[in-house]
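One chain follows as structure tokens, the form predicted on its own.
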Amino acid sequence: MADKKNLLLLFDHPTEPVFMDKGGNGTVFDVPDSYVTDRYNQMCKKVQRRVSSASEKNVLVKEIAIPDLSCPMRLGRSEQFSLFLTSHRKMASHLIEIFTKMPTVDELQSVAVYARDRVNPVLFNYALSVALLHRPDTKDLELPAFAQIFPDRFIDSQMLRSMREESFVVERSAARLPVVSSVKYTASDLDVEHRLWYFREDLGVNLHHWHWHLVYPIEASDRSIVDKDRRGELFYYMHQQIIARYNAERLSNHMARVQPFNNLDEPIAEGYFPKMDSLVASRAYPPRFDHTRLSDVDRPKDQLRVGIDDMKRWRERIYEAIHQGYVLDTNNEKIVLDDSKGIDILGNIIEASDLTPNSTLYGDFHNMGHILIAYSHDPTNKHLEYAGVMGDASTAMRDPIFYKWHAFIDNMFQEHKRLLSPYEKQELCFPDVRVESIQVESQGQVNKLTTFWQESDVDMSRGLDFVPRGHVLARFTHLQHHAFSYTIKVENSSEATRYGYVRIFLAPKLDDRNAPMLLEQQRLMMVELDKFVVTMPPGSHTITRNSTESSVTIPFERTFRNLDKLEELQNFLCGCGWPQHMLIPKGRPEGLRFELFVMVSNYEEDKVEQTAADCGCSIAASYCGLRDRLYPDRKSMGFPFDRKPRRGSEILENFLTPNMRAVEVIITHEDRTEKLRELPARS
């Protein structure tokens, strides 16, 4: 029986032939002759002897009858794969179905080995990743980080050249020096938007977006892969939180909140020049110039035809449904957009997942918005150009227009939320429970948090093809903060033990004009920091919680892996989650004022009844849910700030009930870099 961990080797060196050595230790797949492509059929064994000694590990591949792969093979090996394209999603769905329906790991390995050299490498990676995450016999495997397999989507092309040079010239891995990523390499200070380079181009932030779409595919033949608990609502909430977090960074840099891109006829003011090459497509990611206008996209090769009028029509129908309070399914039956399920239905409609009740009526709004922008430089394929970064889930967040587009998308969701009745006091209170005080402590300081820059290394050798083996490190500079802890004092005045759900949020206190925010504005900038269950015996009780335990983030080591501690990472089965180093905004050198909000709600009312079995993936549940389980909170995502405030609660102070508390926290940025060891000068 095949060792399922060998399946992970198929991700290594994605554009090399499958029979080349994998895993960094000379492991090779013993591929049946009928599986080898015609080009290498006569030389496969000779190449294997050259690249791997006989003492190294061989993985036997069982020869079986291969299912029809003609559908996924329609996308060329060197073409660009995009989850936002319907035709590409259908190809991926077909391949996912093949992978998931293989009865055994042995047969999955056989068909995956055969497909690997015939299917587009990114399509193969996506389909195999989704299949491994959802097969009962492989879902406990830890997928390699996408950045380590396709480094070209996370670093500039000049850095890639230097990494190849290092691996070719320096034979021993231990003697190789990390290749340092340039800071601010995509634009100069003349571009105001480039102040946010550290957020938009952060490795962990972009990995989060890619991995979320792995966990929540838009389309699959097996409906259960898509039909997950509150999937549409998670699409809304995860992206809403990204916009809230982005706006906090804009305020940290003395910039106004992002303006929604709600007029498709207006030019896009901001250009973006990614400075990246696609290793699969062997092309540079095309730039978008300032003041580019959108045009109808007509690219028959991609089975793609979408116009601005289509987008306007879909938008009007969605807004009409929101205001009517219901949507129509394909049988013209009404589906009510109620308080609990309405946002989930809207999420599936706007993203146009397989769960949308009527794709003909409501269209493919979110995805086609990405596509219109991604092809704005060559909408008719006149110049044979591929999509810009907005056309790929792993690169879209690098572009300033991503946030404008998603601010517009969020406005559609907020239109629905504003029509819901505000939460009344009785819905917010927790009888007999009072939050007496809250504070955060970091580095011996109370209610003061500090951010700074930090260097970290990532091994990207397994994504560097056709070069000598061994570690090749990329060194990144990223935002970081000192760890902190919460201290929350609560009083339970009843005579029984109570169980509470602690909800912690952070939002700027002042707007971009330095004026106090009304709660209707501030609630949209509330960033969830943590959510956890506590036991409260009668009397006063002190709750402590470390920032590293956040229900929003994945551990720092999951993004920047320490190569000396790989064995300790085996428990980090989840790649989905916000990066820990980006938990809080940058702040300002002089300090930026934020409101830290804590609420203890009644867990008996909030809990979701489900089996206590280990789901194998329980971190970062706020944005990513729990694998194979229900979302662990009965309340709406973002509660209690997901609806407009009740009358008389125009400011946060008036909104508070006894089981809530808010305190001012200052975030200060120190413009210094915690460096790794100094690198000797290159000769």
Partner chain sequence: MADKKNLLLLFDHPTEPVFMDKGKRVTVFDVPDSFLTDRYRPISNEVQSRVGDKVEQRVPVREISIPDLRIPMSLGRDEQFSLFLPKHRRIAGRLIDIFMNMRSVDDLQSVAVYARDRVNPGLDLPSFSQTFPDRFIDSQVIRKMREESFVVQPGSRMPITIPRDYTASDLDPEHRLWYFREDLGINLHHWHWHLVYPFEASARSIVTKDCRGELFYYIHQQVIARFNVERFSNNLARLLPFNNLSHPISEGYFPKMDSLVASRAWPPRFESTRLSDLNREADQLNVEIGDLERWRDRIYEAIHQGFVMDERGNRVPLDEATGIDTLGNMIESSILSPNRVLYGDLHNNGHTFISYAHDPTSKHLESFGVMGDVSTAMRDPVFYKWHSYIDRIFQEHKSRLPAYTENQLNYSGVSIAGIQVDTNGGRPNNLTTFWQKSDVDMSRGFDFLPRGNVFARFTHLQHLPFTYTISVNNDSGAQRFGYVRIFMAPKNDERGQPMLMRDQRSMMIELDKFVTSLNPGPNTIRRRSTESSVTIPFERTFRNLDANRPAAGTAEELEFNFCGCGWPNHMLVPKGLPEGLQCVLFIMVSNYENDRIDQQLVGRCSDAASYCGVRDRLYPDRQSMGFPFDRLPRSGVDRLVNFLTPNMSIVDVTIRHENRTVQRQN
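Numbering follows the first chain given and starts at 1. Predicted model only: the values in this text are computed from it and were never measured.
The discussion below concerns the form predicted in complex with its partner chain, not included here.
With the partner omitted from this view, the residue of 593, 101, 90, 283 that lies near its partner chain in the predicted bound form is 283 [heavy atom within 4.5 Å]. Contact with its partner chain in the predicted bound form, judged by any heavy atom within 4.5 Å, is made by just one of 10, 20, 667, 660: 20. Shown alone, this chain has one stretch from 92-100, 548-556, 411-419, 289-297 that lies within 4.5 Å of its partner chain in the predicted bound form by heavy atoms: 289-297. Contact between residue 164 and its partner chain in the predicted bound form is found at the 4.5 Å heavy atom cutoff. In the predicted bound form, no heavy atom of residue 647 sits within 4.5 Å of its partner chain. Within this chain, residue 673 is remote from the site of its partner chain in the predicted bound form, having no heavy atom within 4.5 Å.
Within 4.5 Å of some heavy atom of its partner chain in the predicted bound form lies at least one heavy atom of residue 377. Contacts between stretch 504-524 and its partner chain, counted in the predicted bound form as any heavy atom lying within 4.5 Å, involve no residue at all.
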